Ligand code: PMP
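Only one chain comes next, encoded as structure tokens, the form predicted on its own.
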């Protein structure tokens, strides 16, 4: 089936109506379109159950307030809309995206659903290779900690990495510390202790990031949030990346230099197993 045919059958929710994606019509004059004045959340549904549903919705609701946007429905109503959109598309394992953007009359809403296609088991075994992006995060601006539709920095960073043959791009902040990757949070492991950039570094407070921090603390592991450099990463015993779609992905090299040399694969596998169990 071609992408065009697939999209013509996809059911979306747009401003109060369930429609085929091909039928959607939007105004190009709204502030959300003209200025990237909007927010989004990507969530994974496993067997129809959306994982960390409440946390995703609470984050976007809080972000609406910071951007001067009206949250368009109650949390209960938003949940029902998203669940119904997932059900109408008929997939058991999906990712769904909630997008809100500023319009002249308030806030527009779009819910889209696609079949989830996970990375192969082989990819999780091999892990991601990454490079250091030439782009920098503005850690002094609070927008760096929100998931806005003004996403150009991350898309350019990822495109730059992929053109060089890498899976991901690490983005440094203006002080030279690691902020995050183009679509994920970063964790380092050293002497069985866990390290991750603090929110003050300019990273998104990812939902899976929080899950890993909670898992580590519940299993009596020491966790540190702070400022970390490329040198810290290369000296680590291991590293991994997190986001809500791929879960936990080992990070095995930076600029073709191996990270950790398999010193803590067992610990990374522990986190992967614990995280994946949350979907059962």
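Numbering follows the first chain given and starts at 1. None of the values given here were measured: they were computed from a predicted structure.
One more form of this protein should be noted, the form predicted together with this ligand, which is absent from this view; the next part is about it.
Interface residue remark: residue 189 is not counted as part of the site for this ligand in the model of the complex, having no heavy atom within 4.5 Å.
Of the heavy atoms in residue 61, none are within 4.5 Å of this ligand in the model of the complex. Contact check for residue 197: no non-hydrogen atom falls within 4.5 Å of this ligand in the model of the complex.
In the model of the complex, at least one heavy atom of residue 151 sits within 4.5 Å of this ligand. From the list 103 to 111, 67 to 75, 178 to 186, 119 to 127, the contact stretch for this ligand in the model of the complex under a 4.5 Å heavy atom rule is 178 to 186. This chain lacks the partner; the member of 147, 97, 79, 136 within 4.5 angstroms of this ligand in the model of the complex by a non-hydrogen atom is 147. Contact annotation: of the candidates 157, 86, 172, 207, the single residue with a non-hydrogen atom within 4.5 angstroms of this ligand in the model of the complex is 207. For the stretch 217 to 254, the set of residues having any non-hydrogen atom within 4.5 angstroms of this ligand in the model of the complex comprises 242, 243, 244, in sequence order.
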